[in-house]
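Heads up, the chain below is alone and in the form predicted alone; it's given as structure tokens.
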């Protein structure tokens, strides 16, 4: 496919005009002028980019995608009540098929809004991996470890499940599927299990995904249980000895941030979810000052209630200006990096996250003729502060179009919606008994 006469955002976040970008297979094979395009090669469809902006795909680096089935199910509750009264009872009734179709619905929503990859934490790993492969999406997926008794990590069923997932799915789909390891949290596991998981992750050279200091009670409870904050506890158990994405990080203190910086941990900040559940606000200004890699996540649809990363992008760009009383704090370039290249780096996808020669063709086209994108004094500023996921006209992952002008070529949306709504009706009926 070849994009012609299109604006694009380059790796330095400059807006380039009248560009030609060619895709060969799953790779960006040419970037330049129309006149400089090599002759004699059939690039396939020529996409007229007039009035359009080509951007790298977005990265949602903290998600529980199958929880699309719980959209709007538990509202106006504290985190504790929300989890125990609504979320956990509903999730206990999810089947493998429920999770498969819930994930596909989440993929449909994400690619509709320009997201090309997620860092996902859930259960029923076979269902997750099949949904990723069938849809054409990308994901670093993990099955989160929880344990409340005295077993060793290798005694848990999830140990064997993880080995099976690694053998069957790691780097499947041309590398679109990556298997990470995951500890749900400090408060849902034991030191013995955390240390065992950490050693296993390091020995395999995989990524780690954790919840960290999402709430004040979690943070203070860790100090009571272990005499340590969650970051110090995780570091001492070896969790951070592998490349780690830590979700939330709302209640971290200065020493905690030093640990995260020293260990190269990525913060996956989830501003909408944290605000909705009144968990607090991640101290991004202090994290940014320490050079910590920061990416954006939506968390689950149950606590967001959408997977529209453009909403997270704008809120991230604005929220921390207020908390720091500094309107210059986060530039549009820095905000957009959090939604793109920073997320790709957290997933260790070094050839992704920007429009560059030889990178994977993970591309998104936005309509710039819509009212909210006009007039245009600076397209990057419009992209961060004015654009909406609804402005997306095309989303491509590894050179394959997953969304275009209201259609999902790889997904049977009628079938997905039929299964999802039937699952919800069944589960709610069971819960109401």
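Quantities reported herein were computed from a predicted structural model and do not represent experimental measurements. Positions refer to the first chain, counted from 1.
Not pictured, yet referred to below: the form predicted in complex with a further copy of the same chain.
J.: Is residue 374 close enough to a further copy of the same chain in the predicted complex to count, meaning some heavy atom within 4.5 Å?
T.: Heavy-atom contact with a further copy of the same chain at 4.5 Å: present for residue 374.
J.: My question is simply whether residue 155 lines the interface with a further copy of the same chain in the predicted complex - judged by any non-hydrogen atom within 4.5 Å.
T.: Contact with a further copy of the same chain, no.
J.: Since only the chain is shown here, I'm wondering whether residue 400 would be in contact with a further copy of the same chain in the predicted complex (any heavy atom pair within 4.5 Å).
T.: No - in the predicted complex, heavy atoms of residue 400 and a further copy of the same chain never come within 4.5 Å of each other.
J.: So in the predicted complex, does residue 188 come within 4.5 Å of a further copy of the same chain, heavy atom to heavy atom?
T.: Close contact is absent here: in the predicted complex, residue 188 is far from a further copy of the same chain, nothing within 4.5 Å, heavy atoms only.
J.: 254-262, 310-318, 123-131, 161-169: which one contacts a further copy of the same chain in the predicted complex at 4.5 Å, heavy atom to heavy atom?
T.: Stretch 310-318 is the one.
J.: Quick check on this chain: which one of 355, 108, 177, 201 has a heavy atom within 4.5 Å of a further copy of the same chain in the predicted complex?
T.: Only one option qualifies, and that one is 108.
J.: Which residue, 359, 286, 276, 228, has a heavy atom that falls within 4.5 Å of a further copy of the same chain in the predicted complex?
T.: Contact with a further copy of the same chain in the predicted complex is made by 276 alone.
J.: Pull the contact list for 319-352: residues with a heavy atom within 4.5 Å of a further copy of the same chain in the predicted complex, in sequence order.
T.: In sequence order, 319, 321, 322, 325, 326, 327, 328, 329, 330, 331, 332 come within 4.5 Å of the partner.
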